[in-house]
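Given next, in structure tokens, is a single chain: the form predicted alone.
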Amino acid sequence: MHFGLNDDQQLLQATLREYAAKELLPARRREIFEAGRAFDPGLWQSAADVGVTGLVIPQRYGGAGLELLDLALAFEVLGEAAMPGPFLGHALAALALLCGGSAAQRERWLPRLASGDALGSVALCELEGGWGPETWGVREADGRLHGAKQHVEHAERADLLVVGVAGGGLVLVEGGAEGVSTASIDGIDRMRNLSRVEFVGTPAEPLPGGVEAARRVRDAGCVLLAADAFGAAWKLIRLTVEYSLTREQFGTPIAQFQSVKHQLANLAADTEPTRGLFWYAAHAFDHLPAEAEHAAAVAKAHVTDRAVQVGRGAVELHGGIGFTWECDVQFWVRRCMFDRAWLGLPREHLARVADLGGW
């Protein structure tokens, strides 16, 4: 049994790290963060050019035809870079079509999603806060949609929205359709735009396999959020190590202090083992269907919770500067907080783990 990444997967991450280092310089990241726009057309196009937008879309539709583990490895790098943009919603919209769309729906949308010419997103969270298919209350009748969703990523720019509806199914709504209104939400992560979306008699096209696809989309989302948070957590650890080597107290770098060494070692030792959780969950998604939902819930709960703990430790070890607007540490702390909350808090997924285990 092989417990590491193969050459292609290592090359994928190396290529994406090179892309991120070239396209998202620190000054550019800060500019996007302070502007609060979160979408940069140049970054999105360059990401499409290196294939990020179509990693799991089959080759017949213009994608790379890779598995969820490969996409998760890409999201780890996106988390490391605090990359702004609609990558999460876009990936989940494509997976919804792959898992539950008709042949015609796939033919129409997947090539455009793979190339990045069309931007996809998902509308899952109810106004009361429910994320799972069993909580959805937006109604679809006679091809028309009524209701509202919140925390929708980049809804105002999306060419395609995949919406969760009552009964646990999914429907497609085209960008600019009648009866759709959006209002921006001031979210914790300024690198991701969120909106409240209302549907009033909006034309909608059901996905034939939407009920089964909805559960798969939730599982995939849990895995991708865990991967993103893991990448952000390790970036925070590296930033904190670098800071501790340069920050001096009493004429000595604080990295020389035993208490600081212990804190840094604990952050790394507590984080690294969680890598296996999202790797295994991603593998289960494609190869172990009986274990996929359980593994995804475990990964989402534990990895994102650990990432937030790392964020708190990083801020503390940066001392007074760690709490300031000027300190870049906040980019990754905010990302970890978003990943922990979006698609449900850890306690919700741990409750699902218990239910799935018959506890």
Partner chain sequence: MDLSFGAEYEAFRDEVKLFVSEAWPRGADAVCDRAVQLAFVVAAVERGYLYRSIPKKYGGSEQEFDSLRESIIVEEFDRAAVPWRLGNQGVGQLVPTLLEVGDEWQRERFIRPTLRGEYVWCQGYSEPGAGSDLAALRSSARLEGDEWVINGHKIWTSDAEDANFMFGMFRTEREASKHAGISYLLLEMDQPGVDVRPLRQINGATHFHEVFFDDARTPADWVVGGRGQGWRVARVNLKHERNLGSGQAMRRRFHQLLDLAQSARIDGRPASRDPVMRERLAELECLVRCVETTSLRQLSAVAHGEEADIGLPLLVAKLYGSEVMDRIAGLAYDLIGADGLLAPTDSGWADLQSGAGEIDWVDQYLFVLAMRIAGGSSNIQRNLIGERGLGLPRDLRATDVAR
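Positions refer to the first chain, counted from 1. Please read these numbers as outputs of a predicted model, since none were measured by experiment.
Below: the form predicted together with its partner chain, not depicted.
Proximity to its partner chain in the model of the complex, defined as a heavy atom within 4.5 Å, singles out one entry of F199, W109, W136, W279, which is W279. Proximity to its partner chain in the model of the complex, taken as a non-hydrogen atom within 4.5 angstroms, holds for one residue of A183, I188, L127, V241, which is V241. With respect to its partner chain in the model of the complex, the three residues A14, R37 and S46 uniformly fall beyond 4.5 angstroms at the level of their nearest heavy atom. Contact check for E212: every heavy atom lies farther than 4.5 Å from its partner chain in the model of the complex.
A166 falls outside the set of residues with a heavy atom inside 4.5 Å of its partner chain in the model of the complex. Taking the partner from elsewhere, T274 is found to have a heavy atom lying within 4.5 Å of its partner chain in the model of the complex. By the criterion of a heavy atom within 4.5 Å, E316 is excluded from the residues contacting its partner chain in the model of the complex. The candidate stretches are 295-303, 308-316, 54-62, 26-34, and the one lying within 4.5 Å of its partner chain in the model of the complex by heavy atoms is 295-303. Taking a 4.5 Å heavy atom cutoff to its partner chain in the model of the complex, the contacting residues in 242-257 are S244, L245, A255, Q256.
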